[in-house]
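Take a look at this one chain, the form predicted alone, written out in C-alpha cells.
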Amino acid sequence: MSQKPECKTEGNYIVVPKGLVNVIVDETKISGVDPKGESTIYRGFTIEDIGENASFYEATYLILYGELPCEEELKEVKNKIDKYRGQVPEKVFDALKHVPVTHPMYYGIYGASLLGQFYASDWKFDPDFLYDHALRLTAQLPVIFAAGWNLAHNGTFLRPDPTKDHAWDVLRMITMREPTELEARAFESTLVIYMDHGFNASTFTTRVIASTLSDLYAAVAGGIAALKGPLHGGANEKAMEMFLDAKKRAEGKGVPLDEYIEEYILEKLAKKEKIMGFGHRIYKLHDPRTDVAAKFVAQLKDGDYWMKVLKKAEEVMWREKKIPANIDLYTAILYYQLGIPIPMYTPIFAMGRVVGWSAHYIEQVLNNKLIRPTEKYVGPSGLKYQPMETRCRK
C-alpha cells in the first residue's frame, strides 16, 4: 500500500508545493471532482449531465442555491435575470464608448468595476441581498462584454431584449444577428459547462478577494483578471488559431484539413510546441464535457467536416502523448461555427463562470476567514542604507 507523503513543516508552519499543487485549501459544496476522479460535479450532478440537459436558468439556480428549481423558483430566477439584463446603467454604455480597442477581457474588468460603483456603495452581507446581486451581475456582465466589443469594432451595439431567453439574447448581441434555436442552445450549453470548476485560479482569486469582505463586483473583476491570463483562460482562442493555421497550410498543400492535421500536429510535437486544447489536471483519460459539445458541433455549420478534424486530432494526440482533448478544443470549433470573433471566446468563458464566481463569493463571505498565507522570505538581510554618493560609487 502506497503511503501518503508527509507534510513538510518549518516550526509552526506547513510548507506547501509551489502553485498550491495537490493542496486542499478549503471545503466547498458548489463543485468539485467526484470520488472516482472521473468527472466534475455540480452540487451532486455531473457537469456533463447538467450541460446537456439544463437550461442556463436552471443551472444558475443550481449553482447558486444548491438544488434544481421547481416551476415557481425557475420563473422567479428567469424573470430577474431577464429584467436585470435590460437594466445596465446608461452611463456604463457611455463609458464603454471611450474605451480603446484592447483585449476584450478588459471590458469585463472595467465593466464589473463600473457596476460596483452603481450598486456596491452600501454593501451588505445579507443572503437575499447577495443572491440578488449575483443574478444582477450574471445578467449584466455579458451585455457589457458584447457592447464593449461591438462599440470598439463596429461603432455600434445591440441593446438587450429582456423578452428573450438569456443565451439567445447574449449570442444575438455578440454576433449582431438573430441566432437559430439550435445555435442558441449550443451556445447555452457551453455557458453551463463553463459555470464552475472547483478552486481554479480565477475562482480562488475571487474567494481571496471575498475573504477581505470586499464587494462582489470587485471580487468578480479580480476573477476576470485572473481568467485573462493565458495559463488559465484563452485556450479555446489558441486552439482555434491553431486550427486556422493548419487549415491555411492544408490548403497550400492542396489536401483536406482532416488528412493534414496529423502531419501538422506531429511537426509541432517534434518542435516541442504545445498543442492547445489538450490535457487537464482532472481529466486524464477523457473530458466528458467534450461529449456534450461534440453533439452540437456535429449539428452546426460544416459539422461533419469539423468532427473529422477533431477526432483525427484526438487520435493523434492520444497515440503520441496519451493526452486527451479538453472542452476548449471543442468550444473553439463551436464558437467558430457560430460566427463569434475569436478574441471573444474567453469573455464567453467569463459569461458562464460569473455564476460560479458569485456562488463561491457567497459561500466564502457567509462562513468567512481572511485568506492570508505566510511567506518564506529568502532574500538578503542585514543591509544598511547608504547615501547615493556612496552606494552608487563605481
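Numbers for residues come from their place in the sequence shown, where the first is 1. Worth saying up front: this structure is predicted, and the values here are computed from it rather than measured.
The same protein also exists as the form predicted in complex with a small molecule; that form is not shown, yet it is the one meant from here on.
*Asks:* May I ask whether 278, 317 and 353 each come within 4.5 Å of the small molecule in the predicted complex, counting any non-hydrogen atom?
*Replies:* Per the other structure, all of 278, 317 and 353 touch the small molecule.
*Asks:* Which single stretch, out of 281-289, 154-162, 295-303, 123-131, brings residue heavy atoms within 4.5 Å of the small molecule in the predicted complex?
*Replies:* Every other range fails; the passing one is 281-289.
*Asks:* Considering non-hydrogen atoms and a 4.5 Å limit, which listed residue (228, 197, 80, 172) is close to the small molecule in the predicted complex?
*Replies:* Exactly one residue meets the criterion: 197.
*Asks:* Which residue among 31, 55, 364, 326 has a heavy atom within 4.5 angstroms of the small molecule in the predicted complex?
*Replies:* When the small molecule is considered in the predicted complex, the option within 4.5 Å is 326.
*Asks:* Can you check whether residue 235 is within 4.5 Å of the small molecule in the predicted complex, heavy atom basis?
*Replies:* Because a heavy atom of residue 235 falls inside 4.5 Å of the small molecule in the predicted complex, the answer is yes.
*Asks:* With the cut-off set at 4.5 Å between non-hydrogen atoms, does residue 345 touch the small molecule in the predicted complex?
*Replies:* Contact check for residue 345: no, nothing within 4.5 Å of the small molecule in the predicted complex.
*Asks:* Examine residue 307 and determine whether its closest non-hydrogen atom to the small molecule in the predicted complex is within 4.5 angstroms.
*Replies:* No, residue 307 stays farther than 4.5 Å from the small molecule in the predicted complex.
*Asks:* Taking heavy atoms and a 4.5 Å cut-off, does residue 274 contact the small molecule in the predicted complex?
*Replies:* Contact check for residue 274: yes, within 4.5 Å of the small molecule in the predicted complex.
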